[in-house]
Structures are given as structure tokens and as C-alpha cells.
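For reference, the chain that follows is the form predicted alone, supplied as C-alpha cells.
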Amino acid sequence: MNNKATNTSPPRITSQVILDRRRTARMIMAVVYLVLLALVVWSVQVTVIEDTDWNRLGGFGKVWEAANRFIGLDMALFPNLIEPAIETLMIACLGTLLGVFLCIPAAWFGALNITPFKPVTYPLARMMMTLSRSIHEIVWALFFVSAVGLGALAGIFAIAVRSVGFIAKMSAEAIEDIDPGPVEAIRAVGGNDFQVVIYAILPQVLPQVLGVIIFEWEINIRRSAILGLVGAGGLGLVFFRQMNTFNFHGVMSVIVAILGLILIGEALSHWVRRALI
């Protein structure tokens, strides 16, 4: 009986076996690092060294001469930047607001614990979120410019659709991480689905969702500032016109206006976050 127990006991792992395993793991990691280093070197060679027109780039003096053209401001242009700056801010605000409304069904369908019909609504909502995040806002703006024409409306639609991917995804994941206790309590006393959402789910996720919306609004200010490059209005359109007319000081003036607008957005978002969250 003792012999049988001895034969079935697990083999002892000696110190030599542990050392051999560690040595093997180190060798594997070294090979992985070498492969990654080779890929980085190959990427630099293909995308930077071979793909750059070094003859056109010239030396440091030529680069400094080209950059020196942008040093300076066109002070006469600043009064004409007030209206485009306000338009840029409104594109970000209205686009974010429209995106929030679009995120309501997307977050509802995309949260696994409350989605109405898992085989259909859950993958549909997740596909919408992925599609929104995968396509750049400039591409969305080009699409809406071709659909509704030039102007701020195309920019608003582009910002709204682009916002769905981030806001809906973060909101859906926040809903999936809620404490199920309040949900079960409301259902136990006869509460319907709407009451469950309002009194059990929303109070738990509201601070996080508001933080996500404010953060997305900050990003949308930056996005709306460049959407004018494709005809969606705002400061980006002025930037495009200054570049086309080779008014490099005007280009720098628009960049300063965009920087000021972003700083205003940062200050507003900080105040709103402290007031609401």
C-alpha cells in the first residue's frame, strides 16, 4: 500500500529544472525582443529612409528657411477669426450633443446585461461602435459634405457619428460593470424595465458617463478645428484658405486661434466637470 502511494506521488521539481525553465524563458524573450527590434529597424528603413525625398528636403538651412516663413502673425486677420472660432465651438457642442442622443440606443443595445435581444441587438450595436471608431472624422466629413453640401452641418454630423464609438462603448461597459443588487431589488418589487434603468442603472453610471461626454467634447473641439479643411466650416476652412494663398503669417494666426479655442475648451470642461461630477 505504501509502495503504491509512493509511485503515484507527483515528481519533485529540482532546482536544476527550475533553472532550465528560467533559462528557456529568457531565451524566448530574447528572441522576441530581437524580432521586434528587427521589425522596428525595417519599418524605419521602409517608411522613413526610403520613402523620404532627401534631395528635396535639403540641409538644415533650407529647413530653417521654410519654417521661418511661418514665424509671425497677421494681426489684421484676427477680427475675421472670431466668427469661424464661434462656429468651430458650436460644431463641437452640437456634434457632441447629437452624438449623445445617438449613443442612447447604441449603449442600450451594446450593454450585454440589458440588451433586448442578445443574438441581434448586441452584435449590431458593437458593430456600430467599431465602425464609428474605425473611420476618421475627416472621412466622415467628406461623406457628409458630399451628402448635405459644404458648411457646418456636415461637420456637426461628422462629429456626432465619430463620437458614437467612444461614448457608447464606454457607457455600455460602465452599464455592464454595475452592481446587480439595485436592479434585482427594483425587479423584486415589480419595477418595469424603464424604472430599472432610471432608478437602478442610471445613478450608478451617470458620473462616469458625464466624464466620458465631457472628455469627448474636448476632443471634438480639436476635431472641429480641422474639419474645415474638407469644407465643413470653422477655423479649418480659414486655415485652408490661408495655405492656398501662401499667407504663412495668416496660417500661424489661425493656429494661435485654434490653440486659444482649445484652451477655452479645457477651462470650460474643467469647470463643468467640477460642477457636475
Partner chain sequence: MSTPTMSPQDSRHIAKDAQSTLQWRRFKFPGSLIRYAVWLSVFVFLAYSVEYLEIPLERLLGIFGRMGATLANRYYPPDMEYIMDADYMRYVVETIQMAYLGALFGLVATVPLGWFASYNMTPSRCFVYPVARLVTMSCRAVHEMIFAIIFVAILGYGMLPGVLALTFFCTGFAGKLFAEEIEAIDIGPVEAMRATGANLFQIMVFGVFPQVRVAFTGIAIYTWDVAFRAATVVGFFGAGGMGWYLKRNVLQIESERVAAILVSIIILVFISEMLSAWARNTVMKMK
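Positions refer to the first chain, counted from 1. Under this definition, the rigid core comprises the largest set of C-alpha atoms superposing within 1.5 Å between the forms. In this text, all values refer to a predicted model and were calculated from it rather than measured experimentally.
Omitted here: the form predicted together with its partner chain. The next part is about that form.
Contact with its partner chain in the model of the complex holds for all three of Leu142, Ala147 and Ile262, each having a heavy atom within 4.5 Å.
Using a 4.5 Å cutoff between non-hydrogen atoms, Glu83 counts as a contact of its partner chain in the model of the complex. Under a 4.5 angstroms non-hydrogen atom cutoff, its partner chain in the model of the complex has Arg69 among its neighbouring residues. A residue is said to contact a partner when one of its heavy atoms sits within 4.5 Å of a partner heavy atom; Ala257 fails this definition for its partner chain in the model of the complex, lying far away. Within 4.5 Å of some heavy atom of its partner chain in the model of the complex lies at least one heavy atom of Ile156. Only one of Leu73, Ile114, Ile138, Ile186 lies close to its partner chain in the model of the complex, with a heavy atom inside 4.5 Å, and it is Ile138.
In short, of 187-195, 73-81, 148-156, 114-122 it is 148-156 that has heavy atoms within 4.5 Å of its partner chain in the model of the complex.
Taking its partner chain as it sits in the model of the complex, the stretch 23-47 comes within 4.5 angstroms of it through a non-hydrogen atom at Met29, Leu36, Leu39, Val40, Trp42, Ser43, Val44, Val46, Thr47.
Positional change of Thr245 between this form and the one not shown stays under 2 Å at the C-alpha, relative to the superposed core. Here Leu210 does not count as shifted, since its C-alpha moves by less than 2 Å between this form and the one not shown after the core is aligned. Ala25: CA moves 2 Å or more between this form and the one not shown after rigid-core fitting.
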